[in-house]
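What follows is a single chain, given as structure tokens, in the form predicted on its own.
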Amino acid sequence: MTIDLANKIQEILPEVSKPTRYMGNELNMIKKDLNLVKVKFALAFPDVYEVAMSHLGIKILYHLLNEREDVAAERVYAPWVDMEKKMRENDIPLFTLENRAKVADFDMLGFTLQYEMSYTNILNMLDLAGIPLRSEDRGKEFPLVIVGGPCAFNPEPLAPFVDVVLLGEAEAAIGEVVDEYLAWKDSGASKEELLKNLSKIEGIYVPSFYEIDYNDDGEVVRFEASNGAPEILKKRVIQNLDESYYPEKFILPYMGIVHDRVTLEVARGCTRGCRFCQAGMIYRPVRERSHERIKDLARKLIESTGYEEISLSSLSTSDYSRIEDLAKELLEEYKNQRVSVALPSMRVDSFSVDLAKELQAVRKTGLTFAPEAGTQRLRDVINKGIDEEDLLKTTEAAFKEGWRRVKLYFMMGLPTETLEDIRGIADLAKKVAELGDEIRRNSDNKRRVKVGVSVSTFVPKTHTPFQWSKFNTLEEIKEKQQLLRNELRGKDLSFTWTDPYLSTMEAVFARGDRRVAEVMERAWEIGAKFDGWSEHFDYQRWQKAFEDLGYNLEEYVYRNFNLEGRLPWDHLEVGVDKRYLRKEYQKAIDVELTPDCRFNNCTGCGILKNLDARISLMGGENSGK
């Protein structure tokens, strides 16, 4: 930290909104002397403090890296627009929260890619740090820019801007990356030598080592790897989640954040096989932590933070082995401390009203379910594996036990969808509301039922059976949203939806290739940032960026990919066979279900063979399959 920089930052804080975002010094923060470590690693989240501080992956990496005496990991988040303005006016570069040190002086700068619409914030943060945007313009005097996270499974729109991509679970590879960096730093070799050495680590992708050309349909027509880089890159996975690193302390913020609680990851991966769900494909195989490990972590995290809520986190927490036993044991242990236990992701078909009653005895909230589609035909197309009876039985039991608020999540724009499927959303919501009202009228609890219907627009994602599917046009989305606005009127119903223009841009990047990188750069030049925030998103700005570079935005986003063609992300493997994805795509068209391999026979996705991995159901005290 230089005193001048720290003083300049301090001087502008009274002039910006929410200065706590930039203060640091929170409880459990780790601040090292940067002169005494060999590697300075800036962990960056391309959004504001409240969002970034809620992210579990950053928490894990922050504490994991700081376990090493030779590494200092510090946090840096995107400054809000008023802070950025003051920083630029006062010549203050992007800085870390711990030492208020210049990010440009760090050895490594790691961004997590959680959401496509934060990409322009990455460019903005590089610029604010005084770091050239493009990898080819950065010499060894600048930090090595590395990205990871779920969106890294198609990092091609960011390819010119990043040096290295870490595919898969960062805990499995980040130590090797740091070790290789240390060896290179001591050697005095060129940056290219560093990249060559890093590219030999499994799961490490160096985009500049690959030449890729596309045809007008977006298919790859030329793919060449250089410098000895592998032609196929496989993701890294933690083989034993129960023994893997998990922090025993979380940094405790001074201000409210999005998820202000102890988040305890009980499992990773999901075998339900929902065909629209990227997380369900890229986080395979299923691995659980044991009950004992989870309870031990809960004790340490409650003690170190004083939080009054534990959230048991996974893609489908109700699928965790013996979840009721675990939740009840935690409730019993913390009942005198008024610590609540939450299960944020529950499926309709495995929901237990008795468990929900116990969980919400401390703090009662509404219930949320995700039927995803309005008709049984479409739920079978997406392989959701639930039916209307599941939903009505569950909500009936919940209403009888006194719940009055239910939220239902759906998507529109799914493959094979018709307007009948959209009307099905309204019909299903009305049935739930009518059921709740009938129970209300025949009970002592006369409080009215509230059924919230939230409908997002489906965005086809890479590495899923629907990766080949076309994104709905703006006209189609608007027609469907208007239909629902007309249908979902009533005192017990409410309807929310996503901005169709925002979803359109998300679709551009979700299946984008390297050509869209220059569009992104152009959009940033003319003001794009914080695109995920409605007050800053400007679709016309993006249209102009496409036009300035001679591309047609709509032609780009409304593409159906050829099932047999080479896709822009085919060289990045998540472990699930492309043949399996094609088969699942065809089964969707034929309205055929695929059962969950956790409870049935292997469905042949290839994950265990391709990654030499195992399903591990430690919560059920047995493992291996």
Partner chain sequence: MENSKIRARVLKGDEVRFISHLDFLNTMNRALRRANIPIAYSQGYNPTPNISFATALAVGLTSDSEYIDFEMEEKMEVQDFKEGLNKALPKGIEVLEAEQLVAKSKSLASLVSQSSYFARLELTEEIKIDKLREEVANFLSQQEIVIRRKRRRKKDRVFDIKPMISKLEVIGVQENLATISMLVQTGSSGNLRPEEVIDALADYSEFIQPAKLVNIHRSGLYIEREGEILTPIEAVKR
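This structure is a prediction, so every number in the text was calculated from the model and none was measured. Positions refer to the first chain, counted from 1.
What comes next is about the form predicted in complex with the partner chain, which is not displayed.
Residue contact check for R338: one or more of its heavy atoms lie within 4.5 Å of the partner chain in the predicted bound form. Contact check for Y307: a non-hydrogen atom falls within 4.5 Å of the partner chain in the predicted bound form. The partner chain in the predicted bound form is approached by P19, whose closest heavy atom lies within 4.5 angstroms of it. In the predicted bound form, the partner chain sits within 4.5 Å of a heavy atom belonging to E303. The candidate site formed by A183, S226 and P230 is entirely out of contact with the partner chain in the predicted bound form, as no residue has a non-hydrogen atom within 4.5 angstroms of it. Contact with the partner chain in the predicted bound form, judged by any heavy atom within 4.5 Å, is made by just one of L36, L563, L27, V591: L27.
Taking a 4.5 Å heavy atom cutoff to the partner chain in the predicted bound form, the contact residue among L252, L355, L133, A104 is L252. Exactly one of the stretches 253-261, 168-176, 480-488, 498-506 approaches the partner chain in the predicted bound form with heavy atoms within 4.5 Å, and it is 253-261.
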